[in-house]
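Below you will find one chain, with nothing else, as structure tokens; this is the form predicted alone, and questions on how it binds or moves follow later.
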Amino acid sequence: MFHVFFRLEDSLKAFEIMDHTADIGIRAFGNTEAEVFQNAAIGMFSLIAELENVQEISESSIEVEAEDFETLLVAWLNELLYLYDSNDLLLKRFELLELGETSLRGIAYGEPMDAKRHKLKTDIKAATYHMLKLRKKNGGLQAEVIFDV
């Protein structure tokens, strides 16, 4: 079963949820690598919590390096998970300031978790390399990431 989510501003499919035997994953879409990375982050946090009530009152700078684009995507998602786990930050918007094949610099926007206002959904432990894909498809780009839950 797949769940498909659209960005309201341009009605392009941003990501869809992929069921996996023991874990859960997302398929993120975009016209550029930056869009795929942003939509993968939104998809991951939509698995973690209901994002409608999350406000953008906090911003966190992020810098990540990896060997290639695919491993950079996993490193990006795991760095965002680290911010969530270590600072109790729910994040809902992501801006990439620089994106190269082996490094990125960006900003994540959100707010500290508030149990009275925020509804948590899934406890994600990590983005994994299992079945990791980042490829061109149907005139755009697509990434598939499985999360350890």
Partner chain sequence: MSESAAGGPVESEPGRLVEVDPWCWEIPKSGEMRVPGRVFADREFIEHAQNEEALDQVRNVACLPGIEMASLAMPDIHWGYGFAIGGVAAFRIDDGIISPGGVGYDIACGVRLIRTGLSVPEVLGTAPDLVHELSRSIPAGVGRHGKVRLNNRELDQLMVRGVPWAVSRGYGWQADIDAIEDGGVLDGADPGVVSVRARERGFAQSGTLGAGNHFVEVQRVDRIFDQAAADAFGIFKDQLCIMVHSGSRGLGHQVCTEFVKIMGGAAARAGINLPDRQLACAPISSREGRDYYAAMACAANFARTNRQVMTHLVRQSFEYIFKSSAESLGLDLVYDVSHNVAKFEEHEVGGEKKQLCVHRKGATRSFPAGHPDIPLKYRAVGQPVIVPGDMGTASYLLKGTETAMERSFGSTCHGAGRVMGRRAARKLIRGSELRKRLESQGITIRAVSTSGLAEEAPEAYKDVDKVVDVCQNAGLSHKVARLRPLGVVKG
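Numbering follows the first chain given and starts at 1. Since this is a predicted model, take the numbers as computed values, not measurements.
The protein also exists as the form predicted in complex with the partner chain; that form is not presented, and the subsequent description refers to it.
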* Only one of Glu95, Glu70, Asp114, Glu56 has a non-hydrogen atom within 4.5 angstroms of the partner chain in the predicted complex; which is it? -> Glu70
* Residue among Thr122, Thr32, Ser60, Ser103 with a heavy atom within 4.5 Å of the partner chain in the predicted complex -> Thr122
* Counting only non-hydrogen atoms and a 4.5 angstroms cut-off, does Tyr109 reach the partner chain in the predicted complex? -> no
* is_contact(Ile17, the partner chain) in the predicted complex, heavy atom dist at most 4.5 Å -> yes
* To do: Using the partner position in the predicted complex, report whether His130 sits within 4.5 Å of the partner chain, counting heavy atoms only.
  => yes
* Relative to the partner chain in the predicted complex, which residues of 85 to 119 have a heavy atom no more than 4.5 Å away? -> Asp85, Ser86, Asp88, Met113
